[in-house]
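As structure tokens, one chain now follows by itself in the form predicted alone.
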Amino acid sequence: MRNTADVVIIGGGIVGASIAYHLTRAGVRDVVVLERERLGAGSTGKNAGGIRLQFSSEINIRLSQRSLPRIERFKEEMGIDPDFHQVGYLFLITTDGDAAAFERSLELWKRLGVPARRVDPTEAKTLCPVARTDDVRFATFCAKDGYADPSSLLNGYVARARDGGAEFVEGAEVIAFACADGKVAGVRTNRGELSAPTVVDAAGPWAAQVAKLANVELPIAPLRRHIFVTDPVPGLDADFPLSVEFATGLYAHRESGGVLLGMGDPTQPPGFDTSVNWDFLPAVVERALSRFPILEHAKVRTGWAGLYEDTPDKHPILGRVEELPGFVCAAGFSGHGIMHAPATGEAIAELITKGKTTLDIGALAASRFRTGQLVREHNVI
């Protein structure tokens, strides 16, 4: 490991790797990414890989609009196929409160040029024949949405960042920050000290713990989320949109010949436990059988748990942290880190090299939690 760098990035997931890649593209060669475990061991390797434009806040939509074309062209740009299944997202709306919120979203999408549309229950059934839609008030569908392989996306960024001179160090845990004259001067790790004028906190669910080492408070909490995958389902041969029963947060898409199912546990407290709570599986199965009756004879083959990096308003914290010059945050994506990694890498690299960003990320500053200027996101799964 080097002992000096222009930029140190803490966290070897897709966000950290994207930042490293974009920094090298901008001409910064002395970039070091520190990963406590192995690259992609955190949230990047334990999620469903969803990519969508259908958000309720303008800034999340803008992040998606910047990121989606890069994912569509990822193989050409990075040389690695991200296995992007652009099957669309289908949101099934069944309650009054969600109906009103998605009506507002439809208006916002129209203004911002998002090619999402309202569909009636009959068309929703046509789009997803395996879903029950008799209780659906309406649905929204965007054919540009879909899901990709997070590991391939990560590997692409890592490979091209290394080509540009970035160094990725696994098994390197940051245990302290070095500061001089009130500014960041580097970090101390279990493998030695590393001097750098800029340190980026891209540690995902652990970002708040990293920030505390620098005496910075960030409202980012880890929240366990489960995913289960079935064996191949008899009679299910065709693909279908990534379908979301929004009232419960149940979502499903094809995976390895079977079906991937995810749903949040509303009783789940914050914490770093990533063991699988098999006692939660019956609740997921109950909702899945109600919404997707074809799963009646399916068997759950495997399951895993990963961590959301939740903020109070379900938006990331992006940008310089006022309390400590040289400290930059890129974390708190609340389940949206994979899909927003391209735009985030570009923005953070611009901020570091140019002092400004082409996409205005001012609304995502850490200071918003102090001033009360939160940006709410309704369309969280």
Ligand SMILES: Cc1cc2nc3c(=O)[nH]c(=O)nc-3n(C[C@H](O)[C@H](O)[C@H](O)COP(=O)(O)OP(=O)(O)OC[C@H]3O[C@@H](n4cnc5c(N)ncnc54)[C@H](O)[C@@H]3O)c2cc1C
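All figures in this text were calculated on a predicted structure; none of them were measured in a lab. Note that residue numbering follows the sequence shown and begins at 1.
One more form of this protein exists, namely the form predicted together with this ligand; it is left out here, but the text below deals with it.
Judged against this ligand in the predicted bound form with a 4.5 angstroms heavy atom cut-off, the residues Val31, Ile220 and Lys314 are out of contact without exception. With a 4.5 Å cutoff on heavy atoms, Pro82 does not count as touching this ligand in the predicted bound form; it lies far away.
Taking the partner from the other structure, this ligand in the predicted bound form has no heavy atom within 4.5 Å of any heavy atom of Gly345. Within 4.5 Å of some heavy atom of this ligand in the predicted bound form lies at least one heavy atom of Thr44.
Put simply, Ile227 is close to this ligand in the predicted bound form: some heavy atom of it is within 4.5 Å. Among Tyr251, Trp109, Phe292, Phe102, the residue placing a heavy atom within 4.5 Å of this ligand in the predicted bound form is Tyr251.
When this ligand is considered in the predicted bound form, only one residue from Val187, Leu307, Ala166, Val114 comes within 4.5 Å through any heavy atom, namely Leu307. Stretch-level contact check against this ligand in the predicted bound form with heavy atoms at 4.5 Å: of 23 to 31, 315 to 323, 329 to 337, 351 to 359, the positive one is 329 to 337. Using a 4.5 Å cut-off on any heavy atom, the residues of 172 to 211 that reach this ligand in the predicted bound form are, in sequence order, Ala172, Glu173, Val174, Ala202, Ala203, Gly204, Pro205, Trp206, Val210.
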